[in-house]
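Next comes just one chain, in C-alpha cells: the form predicted on its own.
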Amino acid sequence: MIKDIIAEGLASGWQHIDGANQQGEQELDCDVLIIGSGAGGGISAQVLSQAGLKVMVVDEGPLKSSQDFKMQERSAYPDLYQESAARKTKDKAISIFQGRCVGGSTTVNWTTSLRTPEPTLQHWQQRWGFKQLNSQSLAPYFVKAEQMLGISPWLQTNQNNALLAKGCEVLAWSYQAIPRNVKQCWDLGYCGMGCPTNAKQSMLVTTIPAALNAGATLLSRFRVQTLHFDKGAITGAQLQALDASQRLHGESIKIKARQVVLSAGAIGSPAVLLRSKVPDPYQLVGKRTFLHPSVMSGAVFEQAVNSHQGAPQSVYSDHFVWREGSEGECGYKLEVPPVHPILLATKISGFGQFHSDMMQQINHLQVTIALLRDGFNEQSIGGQVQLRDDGSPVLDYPISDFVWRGARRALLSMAELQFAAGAKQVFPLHEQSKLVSSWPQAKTMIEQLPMQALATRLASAHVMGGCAMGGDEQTSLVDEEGNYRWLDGLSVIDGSVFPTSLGANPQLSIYAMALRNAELLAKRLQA
C-alpha cells in the first residue's frame, strides 16, 4: 500500500488552512510569509522553518496527495495546472504549462533535473554583472539538492527517448542521459498528472512536509492580492480565499510579516508586484520574461512506440544549443515529451480526417521537441507580464525574427533526426505542413513554411525572468541574494530572477539558488 504522506501529516496535526473553508475575515502574523510552494517556495519553507522562524506558506492551488492522482488528463489538468493547462500568451501563439497546486510545477513536471549550463553562468557574469554566482559557488548547492531529491541519471529509456538517441547516433550528434528527481520510481509515465506513488521527489512530498513538521503553516487556495508596505519596508500581505473551483468567494486573510519571500513563479511573482504597485524606478517588473519557446515534430514509425509509457524524459541532446556561442543565433535543445491523448489532440496541427488519422496512430507516434534558448541576444528580449482588468496576469510575448529563424532550423533538425531513427513519415507541427516520407521532402517543405504565430505550433513549460537578478540597479530588480532593491523585507526566490532563459530545464537551477539564498536569508533574520 502506498503511504499517503499528506493524509498522515494532516492527521498528525499539521497546520493547514484551506481557502475553500475560510469563513469571515482573519488576521495572522509570522516572521516570514512565503508566496508560492514550488521549487523556490518549497526550498525556502524548509530552510527558514528549520531555522526556527515562524513561517507561513501560501499557494493559490489546492493541497492534493498521491490518492488524488488518478493518471487521468481530464481531471489532472483542471485540478493541477494554471488555467486548466490552457494558459497561453496574449496573442494565443504559445501554450504555457505551469502547475497551480501545492508543490507548484514540481508536482506536475516531467522530472528532468539539469544543472545551470556553464555558458549561461558565464553570460550572466559578463552581461549582467554577476559576481557571486558561478559554477564554483553554486556547486555545493547543486550537490545538496541532488542528494535531497534523489537526482541521478535515469538509464531505463522508453522507445520515445530511445529513438531520439538512435537518431543522434546515426547522425553523430551528441546526446546524454537525463538526471531525474525520483526515488523508487515505478516508471509509469504519468508524471505530468501528479505522481500516484510518491516516487517523484517534488516539493509536495519533500520540503513542504519538512516545513510543516518544523511548525510552518500552509494556506492553500488563497490568492495573494497585494503586498503591504510602509516607509520603504514590507509589513505583510492581503490574501483572498478561493473556493473549490478556484474562484474568489469573498473571504480574506490579512497577514503581518517582517519578511516576504516571493516564489510565485515567473508570471505570478511579477503579477503580485504589479498589483501591489511596488517601487520600480526603472520599470523593470515583468519585463524580459522568457519561455524556451518549443517547436514540435511528430514522426510515424512502423513499430509501436507507446510514448505514454515509461519515464517521460531520459535522453536529451545539446548538440545545437551553444554552436554559435551564447550570443549567436538562437540555439535549441532536443528532448521528447510524453504523448498522452488530450495533450496530443490539443497540440497536433491539422483538423478533420487528418487529425483523426493521427490520433488513431498515437501508439506509433514519436514526438521530438526543440527548446529555443531565448534572452541571450539583443534580438531576443522575451515578453512582458501584464495585468488584465481583473488583476490576473497575462504574458505578452511577441516572437522575433531571431526566434523564428531558430524555430525553422530546429524543425529541420528534428525531421532529419527522426528519419535517421527510422521514421516512415514525419510531420512538423505547423498548420501548413503535411506528412512527408523522406528527409529531402521534409527539408524542401520546412524551408518554405511561413514561420508565423498561430501557424507554427509553439509551447512552453519553462517560464523564467520578469524579476531579473544582476549587479546593476538600472537593469535588475534583485541582487544576487534575491533581495528586492527598492523595499526592505522582500526577497524573490524563484525562476523569475533569471536574467535570461537557461538553455536547460530550470527546476534544479531554482533548487540550488533557492538553497543558497534561503540559507543567507535565514542567517540575516536570525541575527
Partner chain sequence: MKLSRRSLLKYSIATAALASGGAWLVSPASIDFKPMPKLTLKPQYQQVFWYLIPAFLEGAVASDDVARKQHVLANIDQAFSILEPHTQAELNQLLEILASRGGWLLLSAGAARLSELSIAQRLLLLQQWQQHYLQLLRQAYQGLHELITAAWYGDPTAWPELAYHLPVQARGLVND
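Numbering follows the first chain given and starts at 1. Since we're looking at a predicted model, the values are computed, not measured.
Beyond what is shown, the protein has a form predicted in complex with the partner chain; the following relates to that form.
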| item | value |
| --- | --- |
| Contact at 78, 190 and 345 by the partner chain in the model of the complex, all three, heavy atom at most 4.5 Å | yes |
| is_contact(residue 485, the partner chain) in the model of the complex, heavy atom dist at most 4.5 Å | no |
| The partner chain contact at residue 283 in the model of the complex, heavy atom, 4.5 Å | no |
| Exercise: residue 88 in contact with the partner chain in the model of the complex, heavy atom 4.5 Å | yes |
| is_contact(residue 250, the partner chain) in the model of the complex, heavy atom dist at most 4.5 Å | no |
| The partner chain: the contacting residue among 457, 183, 319, 275 in the model of the complex [heavy atom, 4.5 Å] | 457 |
| Of 119, 150, 350, 129, the one that lies within 4.5 Å of the partner chain in the model of the complex (heavy atoms) | 350 |
| Stretch in contact, per heavy atom within 4.5 angstroms of the partner chain in the model of the complex, of 173 to 181, 70 to 78, 158 to 166, 289 to 297 | 70 to 78 |
| Residues in 110 to 134 with any heavy atom within 4.5 Å of the partner chain in the model of the complex | none |
